[in-house]
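Next up: a single chain in structure tokens, the form predicted on its own.
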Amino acid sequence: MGKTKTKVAKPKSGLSFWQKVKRSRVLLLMCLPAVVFFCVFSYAPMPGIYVAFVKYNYRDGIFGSQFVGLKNFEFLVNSGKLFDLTRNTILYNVAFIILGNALAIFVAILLNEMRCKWFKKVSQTMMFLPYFISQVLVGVLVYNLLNYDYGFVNSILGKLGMEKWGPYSDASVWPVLLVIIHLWQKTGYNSVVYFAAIMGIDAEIIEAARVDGANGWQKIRYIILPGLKPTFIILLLFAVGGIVKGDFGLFYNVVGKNPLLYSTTDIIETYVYRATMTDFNFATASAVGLYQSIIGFCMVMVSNFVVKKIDPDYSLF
């Protein structure tokens, strides 16, 4: 009897590039606006970094201006305030990031635990509104609250027979005040992301835990908080990239040009604005921006490396 030969099926070759594009065309079209945005506003302007190394003049343009190397960076280094400005900017941003995310998670969990739908919607709206208030108006509100002569707080203290409080002459209180103002304005907006992440947690897991006898605190501790961990880490890594870039609108409009408060409220942006207000120079401003971007890039790389060592699933790349 002759042996029957069995044919071995050859593995199908992989799809070509254009076949993959055709198969994923819907997803690619959805990504297209984001790709165009970053190409136009992030990658295309990158050659403009060269302006930080030239003595810029309008007639010759960026690449025709005289090359001066690192001379534009001397403006910030020779000021004698580089360390203090960088320290203030980083410490404020660290407080904003840590306290802001912690409070946003807390608010999102509270909203999730509410059973009255109309009260939940009203609460979300009320907490979301401060985000849309102009920083100029925030500065006016704070000034009318804390003004020494006729501010609301000192009016109450005066009627109670207590000594008036002068925060605009006391630099030590402003780190706390600025953090409180920032949290009041941004917490409602930041909580939306975490609230959406909670909504994405599988309801069957929560229901199973409830059947097994888990109380509200155990549900939050063992299900909701671990479910928010990936969102928290991603937002943290994104925020670290701008840790040396301060909120100019908040600091300038709330503190203003008060030299008594500069020791604790002066950040890189406010100092550069005052120093270049009379003689603005694109090269100087670009040098400061490049300094901030380099530090932010290094912080992102270090943070991502640490996260990758702890849990690679949560790293950016």
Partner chain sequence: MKKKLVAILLTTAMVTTGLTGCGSSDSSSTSSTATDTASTSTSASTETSSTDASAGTDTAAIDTSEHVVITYMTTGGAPTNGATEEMLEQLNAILTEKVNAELSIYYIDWTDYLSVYNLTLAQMDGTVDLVGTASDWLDAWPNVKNGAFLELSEDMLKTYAPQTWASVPAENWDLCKYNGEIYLMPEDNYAQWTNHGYAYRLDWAKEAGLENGVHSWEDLTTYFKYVKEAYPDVIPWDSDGTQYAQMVSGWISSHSNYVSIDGLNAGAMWGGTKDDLYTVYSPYMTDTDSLVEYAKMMKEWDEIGVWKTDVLNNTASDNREDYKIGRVAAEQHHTQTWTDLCSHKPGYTIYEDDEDAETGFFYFGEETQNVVALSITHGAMAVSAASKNPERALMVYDLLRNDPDCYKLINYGIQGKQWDVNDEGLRIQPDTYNKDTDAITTNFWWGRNDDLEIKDATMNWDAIDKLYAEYDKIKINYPYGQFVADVDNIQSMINNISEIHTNYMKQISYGKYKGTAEEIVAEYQAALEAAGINEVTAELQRQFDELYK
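Think of the rigid core as the biggest set of C-alphas that the two forms share within 1.5 Å after superposition. Keep in mind it's a predicted model, so treat the numbers as computed, not measured. Numbering follows the first chain given and starts at 1.
Below: the form predicted in complex with its partner chain, not depicted.
Enquirer: Quick one: in the model of the complex, does every one of Pro47, Tyr168 and Asn258 get a heavy atom within 4.5 Å of its partner chain?
Expert: Yes: Pro47, Tyr168 and Asn258 each sit within 4.5 Å of its partner chain in the model of the complex.
Enquirer: According to a 4.5 angstroms non-hydrogen atom cut-off, is Val254 in contact with its partner chain in the model of the complex?
Expert: Contact with its partner chain, yes.
Enquirer: Does Ser172 reach its partner chain in the model of the complex, with heavy atoms at most 4.5 Å apart?
Expert: Outside the cut-off, so no.
Enquirer: I'd like to know whether Arg87 contacts its partner chain in the model of the complex, with contact meaning heavy atoms within 4.5 angstroms.
Expert: Close contact is absent here: in the model of the complex, Arg87 is far from its partner chain, nothing within 4.5 Å, heavy atoms only.
Enquirer: Determine whether any heavy atom of Phe67 comes within 4.5 Å of a heavy atom of its partner chain in the model of the complex, and answer yes or no.
Expert: Close contact is absent here: in the model of the complex, Phe67 is far from its partner chain, nothing within 4.5 Å, heavy atoms only.
Enquirer: Along 24-42, which positions have a non-hydrogen atom within 4.5 Å of its partner chain in the model of the complex?
Expert: Sequence-ordered list: Val35, Cys39.
Enquirer: Just checking, between the shown form and the other one and with the core aligned, does Val21 shift 2 Å or more at the CA?
Expert: Yes.
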